[in-house]
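So this first bit is one chain, no partners, the form predicted on its own, shown in structure tokens.
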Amino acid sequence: MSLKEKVLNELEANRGESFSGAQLAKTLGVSRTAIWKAIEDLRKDGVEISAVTNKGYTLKSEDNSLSAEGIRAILGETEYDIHVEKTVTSTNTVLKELAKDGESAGYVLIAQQQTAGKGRLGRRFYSPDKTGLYLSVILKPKLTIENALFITTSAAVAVSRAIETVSNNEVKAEIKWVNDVFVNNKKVCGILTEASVDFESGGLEYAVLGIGVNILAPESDFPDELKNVATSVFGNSRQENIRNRLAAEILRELSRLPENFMDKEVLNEYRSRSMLIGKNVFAVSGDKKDPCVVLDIDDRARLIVRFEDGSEKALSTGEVSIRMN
């Protein structure tokens, strides 16, 4: 562990309390100059550390930067190997390369910001600094490619539970099949699962689960094309340490899921959180949009729809959009 990480550990464990440079130097067995340099490096990473004469260094209670130390302080003992970077292209892209090179399951990469965040169907995921959570984790479940959809559906349930826990159930989370979490009829989270298949066994070699959450309102608001469809979980709230808290709770909920992600109770919860069942939607495939009504979500997590000609179909890929009439 680097000195910077050790200093942040001390401050995270005592948020709102002040430590002099001399205290930190003695505790960590280094010079006061080394402490000062570590503090400056943390500030460059966006950590809000104040310095007051005759009091010392304080990690502000309202600081909402993300850090592995901050997440571990909340999560406690964990099987996850957590890493936080200031900026990456895409957490999924980075972890796919690591997974190909043999990185273990449970490796977590969290970015403060993404320059090329990935959504489903080749879309970009808006990933501004300071307000969101962009998290990916390497998984190695015993699943066939046919059942890989359960990773995404189970993760949607985990994120929904985490949002409600951190908000003290003041925020109600719903799920739009297959991979979006909504609050107040607007998207707050997108989930992207990318996997590699072992063609000999037919099972997954690995999967990378990516979760992007709009936690706070972006400083310059959402782009025009997103303003009517996206929102943030906590808006302009200044709740203390909210990003680390939500990251920790999502990881906690993911760890509670069954190892192969196939669980009847989780699927029933996914179904109960659906915002589509009974709704008129368009089944979208390429440039084609077919009007239909959503009947149910089956035991394979497929969306059951009925088209206007009376025919029914189970959708396992593609997307749907809600009809306004």
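All of these numbers come straight from a predicted model, not from anything done at the bench. Throughout, we count residues from 1 along the sequence that is shown.
We do not show the form predicted in complex with biotin, though everything after this point is about it.
Consider the chain as shown here, without its partner, and state which of 187, 140, 83, 227 has a heavy atom within 4.5 Å of biotin in the predicted bound form. Exactly one listed residue reaches within 4.5 Å, namely 187.
Counting any non-hydrogen atom inside 4.5 Å, which residue from 91, 160, 154, 244 sits next to biotin in the predicted bound form? Checking each option against biotin in the predicted bound form, the one that comes within 4.5 Å is 91.
Are any of the heavy atoms in residue 125 no more than 4.5 Å from a heavy atom of biotin in the predicted bound form? Result yes; residue 125 sits at the interface with biotin in the predicted bound form.
Partner proximity in the predicted bound form: residue 99 to biotin, non-hydrogen atom cutoff 4.5 Å: No.
If you check in the predicted bound form, is residue 119 within 4.5 Å of biotin, heavy atoms only? Yes, residue 119 sits close enough to biotin in the predicted bound form that at least one of its heavy atoms falls within 4.5 Å.
Is there a non-hydrogen atom of residue 249 within 4.5 angstroms of a non-hydrogen atom of biotin in the predicted bound form? Output for residue 249 is no: heavy atoms all beyond 4.5 Å of biotin.
Work out which of the listed stretches, 219-227, 132-140, 195-203, 163-171, brings a heavy atom within 4.5 angstroms of biotin in the predicted bound form. Of the options, only 132-140 has residues within 4.5 Å of the partner.
Could you run down 183-215 and flag each residue that has a heavy atom within 4.5 Å of biotin in the predicted bound form? Result: 187, 190, 191, 192, 210, 211, 212.
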